[in-house]
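This document opens with one chain alone, in structure tokens, the form predicted alone.
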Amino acid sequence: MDLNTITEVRRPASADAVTKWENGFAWLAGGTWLFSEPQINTHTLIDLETLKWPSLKASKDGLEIAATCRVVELDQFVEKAPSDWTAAPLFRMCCRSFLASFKIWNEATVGGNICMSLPAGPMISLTTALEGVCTLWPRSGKPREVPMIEFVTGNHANVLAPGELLRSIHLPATALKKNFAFRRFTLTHLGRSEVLLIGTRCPEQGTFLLTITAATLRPVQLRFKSVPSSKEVKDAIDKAVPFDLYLDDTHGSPAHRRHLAYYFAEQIREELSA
């Protein structure tokens, strides 16, 4: 879609060059949402492509994902991931949980999906389940780090201040070396996720982590010292997810989403206890 309100496109050599933020400015990464509908309040686009951030940097400490990393790049990284990163297949599972065509897939960015902060954002599901930490760059002041579980605060809401930029997401090696289980439900084969749950278990300590997304307005994460019982999981879900935290839209009712959360949580519990 042509954006007829845009009067300027900036291509800075560094993010520091954008010192003053005004209403009507917008960061441009993949642009798959930005160009999908009118942006009547936007007059200036600031293109992140010129910053040339490396998309993916693997090290012994984990994986740094640039906000500008294309979804397709993350999907293809699975074949290059270190052999002891047992959770790496989650990248592909979450990348293929998009409600999007292959054209979108090749342009959409990880950071864009996270910053949209929609409940069904699969990059939110992935980076939260793998205990990611975001690096944020404000327009003034020092960079700050925010755990992914705290980044999204509601449906299309997050902790970003005006003009603040998501620079990267770091996934620690300790999380990437965990065993995992993945469950997702959609009303149609290629539909938007009604619920997406990911469980991980540490092979050494046996700690169990359950992440609930898509069903809820924001991600919910439950931690256990070991694999819990069925009752412990259900009780923990009830305590952490009040009924009004479940999303209510055309893709599913709160009651159905809660039912699926119970159902898939039990499947994940059984799979990771094996």
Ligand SMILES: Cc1cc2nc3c(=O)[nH]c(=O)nc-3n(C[C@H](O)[C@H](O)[C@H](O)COP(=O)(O)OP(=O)(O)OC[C@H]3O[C@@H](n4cnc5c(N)ncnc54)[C@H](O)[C@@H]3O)c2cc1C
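Heads up: residue numbers just count along the shown sequence, starting at 1. None of these values were measured; they are calculated from a predicted model.
What comes next is about the form predicted in complex with the named molecule, which is not displayed.
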Going by heavy atoms within 4.5 Å, which of 196-204, 173-181, 96-104, 72-80 lines up against the named molecule in the predicted bound form? 96-104
So, residue 125 and the named molecule: in the predicted bound form, are they within 4.5 Å at any heavy atom pair? no
Taking 4.5 angstroms as the cut-off for heavy atoms, does residue 219 touch the named molecule in the predicted bound form? no
In the predicted bound form, is there a heavy atom of the named molecule that lies within 4.5 Å of any heavy atom of residue 245, even though the partner is absent here? no
Is residue 224 close enough to touch the named molecule in the predicted bound form, meaning at least one heavy atom pair within 4.5 Å? no
Sort through 241, 26, 209, 58 and report the residue having a heavy atom within 4.5 Å of the named molecule in the predicted bound form. 26
Residue by residue through 108-127, tell me which have a non-hydrogen atom within 4.5 angstroms of the named molecule in the predicted bound form. 108, 109, 111, 112, 113, 115, 116, 118, 120, 121, 122
